[in-house]
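A single chain comes next, written as C-alpha cells; it is the form predicted alone.
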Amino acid sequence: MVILHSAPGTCALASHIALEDAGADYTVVRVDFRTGEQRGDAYLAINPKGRVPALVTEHGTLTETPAILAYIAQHFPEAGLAPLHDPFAFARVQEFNLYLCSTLHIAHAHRMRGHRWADDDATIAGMKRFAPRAVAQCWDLIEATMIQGPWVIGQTNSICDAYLFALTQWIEGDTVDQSRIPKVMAHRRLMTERPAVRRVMAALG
C-alpha cells in the first residue's frame, strides 16, 4: 500500500486520480492547511518541503507531482497511463506535466503566495494583479498547442489528463475567460464523466 498526503483544492488531486486509475492499493491522508499542519514537525518529517502531494511508498517518499505521476505510470504499467515503451512519447508526457508544474502552477501561485518571491507589499500586490494575465497566457498556449484530443496525448487517457484536470479546478478563481479555451473546458467535462474521477471527487466530498 502507498499513502498519499493531500489537501483539498491542491494539485495533489492529480496523484489521487492517477492512483485510482491505476487500481493501486492506496490510502489518502489529508493535511490540514487551515491549521498549518504542513509546517508542523510531524508532516515536515514526511516532506521537508511542507507541501503536498507526498507519496509514501515501500521504497521511500516521493514529492513533486510529475515525479509521482511518472512513478504511478511505471509502477502500474498494465493501467496504460503513459506510453512507457516509446521514449520520445514518454518524454512528451513529461514535457507537458513539467510545463504545468513549472509554469502554469507558478503563475497561479503568484496570485495568493507572492510572499514566496518578495517581502515588499507593493511588489506582492503587483504580482497578484498580474497573475490572472500570466495564467491566461498559459491556458492559451495549452489550448492552442498541447491538447491533441480528446485526451492530452490523443486517443488515450494518461497521467497528463489527471494533472490537467486538477489544475482546471483553479480556472474560476484565476478569473480565466473560459470562452478562450473551449478544448480545455471540454476536456474538464470529459474527465468528470470518468468513473475513476467520480469516485475520487465523491471521496473528497
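All of these numbers come straight from a predicted model, not from anything done at the bench. Don't overthink the numbering: it's just position in the shown sequence, from 1.
Below, we refer to the form predicted together with another copy of the chain, which is not included among the displayed structures.
Partner-facing stretch of 26-34, 150-158, 49-57, 168-176, counted where any non-hydrogen atom is within 4.5 angstroms of another copy of the chain in the predicted bound form: Heavy atoms within 4.5 Å of another copy of the chain in the predicted bound form occur in 49-57.
Could you tell me if all three of 64, 106 and 146 have a heavy atom no more than 4.5 Å from another copy of the chain in the predicted bound form? Affirmative, all three are within 4.5 Å.
Does any part of residue 136 reach within 4.5 Å of another copy of the chain in the predicted bound form? Heavy atoms only, please. Residue-level check for residue 136: no, no contact with another copy of the chain.
Would you please decide whether residue 119 lies within 4.5 angstroms of another copy of the chain in the predicted bound form, comparing each non-hydrogen atom pair? Yes.
Would residue 126 sit within 4.5 Å of another copy of the chain in the predicted bound form, counting heavy atoms only? Heavy-atom contact with another copy of the chain at 4.5 Å: present for residue 126.
Would you classify residue 112 as touching another copy of the chain in the predicted bound form, given a 4.5 Å non-hydrogen atom cut-off? Heavy-atom contact with another copy of the chain at 4.5 Å: absent for residue 112.
Looking at another copy of the chain in the predicted bound form, which residues in 85-100 have at least one heavy atom within 4.5 Å of it? Heavy-atom contacts within 4.5 Å come from 87, 88, 90, 91, 92, 94, 95, 98, 99.
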